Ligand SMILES: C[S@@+](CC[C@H](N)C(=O)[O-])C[C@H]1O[C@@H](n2cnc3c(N)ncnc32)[C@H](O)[C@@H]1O
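One chain comes next, on its own, written as structure tokens: the form predicted alone.
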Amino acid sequence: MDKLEDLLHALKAAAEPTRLRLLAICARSELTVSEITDIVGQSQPRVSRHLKLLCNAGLLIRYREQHWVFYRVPRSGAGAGFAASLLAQLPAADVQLELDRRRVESVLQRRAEAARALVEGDGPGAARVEDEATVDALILTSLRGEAIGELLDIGTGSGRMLRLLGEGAGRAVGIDISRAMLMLARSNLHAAGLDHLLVRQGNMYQLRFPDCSFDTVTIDQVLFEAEQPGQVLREAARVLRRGGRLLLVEFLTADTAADTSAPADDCVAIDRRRLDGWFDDAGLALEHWQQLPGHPYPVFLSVARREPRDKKVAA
């Protein structure tokens, strides 16, 4: 903290037993007010007042997701270092803190069960890759030799790409429109010990991030159910930094040779010709690709790079 006044404000905010407990609780996961209330066993108005003081002091951050507000300890910014210093001083063997830890795990377990119940049978139709472990290994190989940097996973779903790549990223964010999938992703990331990774609700056609925000963008089995797949790729390219990479894993639902206009089900017709057009329109240069078995469609795994300069649009 740069100013003595800010430090004194943070010290005053933290110098209360319940607020120290809240700091430790919110360091373990992103939690809603109702979840935190269940953990500490106090009234919601009282918990909300404590949370507000901690947020005002920069020791917690809050964000809204539809009707819910989540709290967590910041990973960057003025209060992040001070919060980390305070947390390091907390006694590991304290009975109350250990009870809070167990209650956090219980809350997160209930959240995971609720998330799985919400998304059960609501995945991407019957489409699936034949060997997910092989695809994961190929993804890692495709991105090898260059830092992941700051990562955005569009349509994060269960958080698979974040689990695979997030630990090696400087910062990683997954976005999805579905609250049920975000609940599942948070639960999966917590189970993998990756609570520092973020998932946020967002529209893949209108990403809230500024231009040139990420070094790597991933899109995993999303376009074949998108109403505007070309727009998704344009938005992905927009938030990529110059020279940044897009990793795409997608189903080829149409046969270019047979000039299939649409697949048999409700999926979007996707083939190499269409993908090449979407990449070109977005200013993405395909670097390498390979086709893999999938059911009922083959899988296209590719890496494309945002061109160093924007393409000139012909008059």
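Quick caveat: nothing in here was measured; it's all calculated off a predicted structure. All residue numbers refer to positions in the sequence shown, first residue = 1.
The following text describes the form predicted in complex with the ligand, which does not appear among the structures shown.
- Here is the short version: of Asp100, Glu150, Glu235, Asp176, the single residue with a heavy atom within 4.5 Å of the ligand in the model of the complex is Asp176.
- Here is the short version: of Gly79, Gly244, Gly202, Pro229, the single residue with a heavy atom within 4.5 Å of the ligand in the model of the complex is Gly202.
- Looking at His190, you'd find every heavy atom of it more than 4.5 angstroms from the ligand in the model of the complex.
- Within 4.5 Å of any heavy atom of the ligand in the model of the complex lies no heavy atom of Leu86.
- At a distance threshold of 4.5 angstroms between non-hydrogen atoms, Glu225 is in contact with the ligand in the model of the complex.
- At the 4.5 Å threshold, heavy atoms of Gly166 stay clear of the ligand in the model of the complex, well away from it.
- Across the options 90 to 98, 69 to 77, 235 to 243, 152 to 160, residues that bring heavy atoms within 4.5 Å of the ligand in the model of the complex belong to 152 to 160.
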